[in-house]
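This document starts with one chain, in the form predicted on its own, laid out as structure tokens.
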């Protein structure tokens, strides 16, 4: 064991609450230390978010020590203590039994020493503990040295660690991207040799790791480790298939590198836009054809890619909302604005993309352009389009049938119609008229136009209720 004297920069209010907890344990003769990712991040002078603690006290004892305790995972020795309006997760020291499903131990045994608890963890940089009272880092696994060397290394044999839990290889790649660390050679080699274990990990956990990777400074670092080790072919084979697939003279990189660099270029705090950037060109692989000048073409790759992205996101259990946002952006990312666009064309563009998605689509285009490797910045035509979009929005125009000055009930009452497809037909035609001429969006004018539309419809579609 190594002890390092070091005061970690914990926010004052948080530190006060943590020391209160530790001292409460000490009063009853128990140890309690800050552990895990918060210690790692604080040593690196990064912001910590989850302040987890470990103790030799048993769960039943912890439930008696504090006024507000929630048994969040008491079977595995974890409780949440509510103190000063904050929640702290505290876990009894433990050692894990044999892992049988590639994710979970068949049993958990509580232990009495911090060292035993540390030895069950994944990486050395996550195996540090901090004595809050004496301001000392406690290191049983050379994690502090690995932080200084910027290395990700498993605690103990990497084959054993990755065979226990198939999620750990994905976490290694994510930490490499988050911290800009190298993965130690034996640890990296073990990832390729334990893919069969990672294959057992649930789609939901893989999805969560991908989303966390999207929040790192450079997701491309993680994806490159995944590609080189075979993880990418396991979890995102569609993206893996784009490696070494050339594009055309307008692109510096192949489809894979363009995709991951576009992902990097999207905002770090917008993981869904980053996901759209990562997948925006996957349709280029099946749509790639040699052109007449010897260059490649990718006709309709955005339509094909959106369908592929939908399947990927369904496979990985993304929500319907997330899926719709990503596929909408991919479908529309190839828009081409020219000075010939009328205000009506701009309104139709807004209607097609969705008013709420316009800014996201522009952000995606900028990331796409930067990931190209040869161009960056905002092209003049897109700047002009954004100006026109702002002008159209400020004019308070209608973009959907909900924005019309009449609705289906008004049409049915005025023209004595029953519910049916004709109502939608009338509303959509009225919207097309208003998109071209916003001044028509008045109830009286719309009713006149609705009458003309209804007169053109087959008699049977205008049948009135009995």
Ligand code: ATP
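Numbering follows the first chain given and starts at 1. Since the structure is predicted, the reported quantities are computational estimates derived from the model, not experimental observations.
Omitted from view is the form predicted together with the named molecule, to which the following refers.
Asks: Could you spot which one of 174, 388, 225, 365 gets a heavy atom to within 4.5 Å of the named molecule in the predicted bound form?
Replies: Spelling it out, the residue with a heavy atom inside the cut-off is 174.
Asks: Could you spot which one of 92, 154, 220, 126 gets a heavy atom to within 4.5 Å of the named molecule in the predicted bound form?
Replies: It is 126.
Asks: So in the predicted bound form, does any heavy atom of residue 347 sit within 4.5 Å of the named molecule?
Replies: Taking the distances in the predicted bound form, the answer for residue 347 is no, it never comes within 4.5 Å of the named molecule.
Asks: Mark residue 408 yes when one of its heavy atoms lies within 4.5 Å of a heavy atom of the named molecule in the predicted bound form, and no otherwise.
Replies: Output for residue 408 is no: heavy atoms all beyond 4.5 Å of the named molecule.
Asks: With the partner left out here, check for me: in the predicted bound form, does some heavy atom of residue 61 sit within 4.5 Å of the named molecule?
Replies: Although the named molecule is absent here, residue 61 would stay clear of it in the predicted bound form, with no heavy atoms inside 4.5 Å.
Asks: Is residue 301 a contact residue for the named molecule in the predicted bound form, using a 4.5 Å heavy atom cut-off?
Replies: Contact with the named molecule, no.
Asks: With the partner removed from view, which of 32-40, 417-425, 436-444, 64-72 is the stretch that lies within 4.5 Å of the named molecule in the predicted bound form, judged by heavy atom distances?
Replies: Careful reading of the contacts points to 32-40.
Asks: Could you list which residues of 189-204 come within 4.5 Å of the named molecule in the predicted bound form, counting heavy atoms only?
Replies: The stretch 189-204, when checked against the named molecule in the predicted bound form, contributes no residue at the 4.5 Å heavy-atom cut-off.
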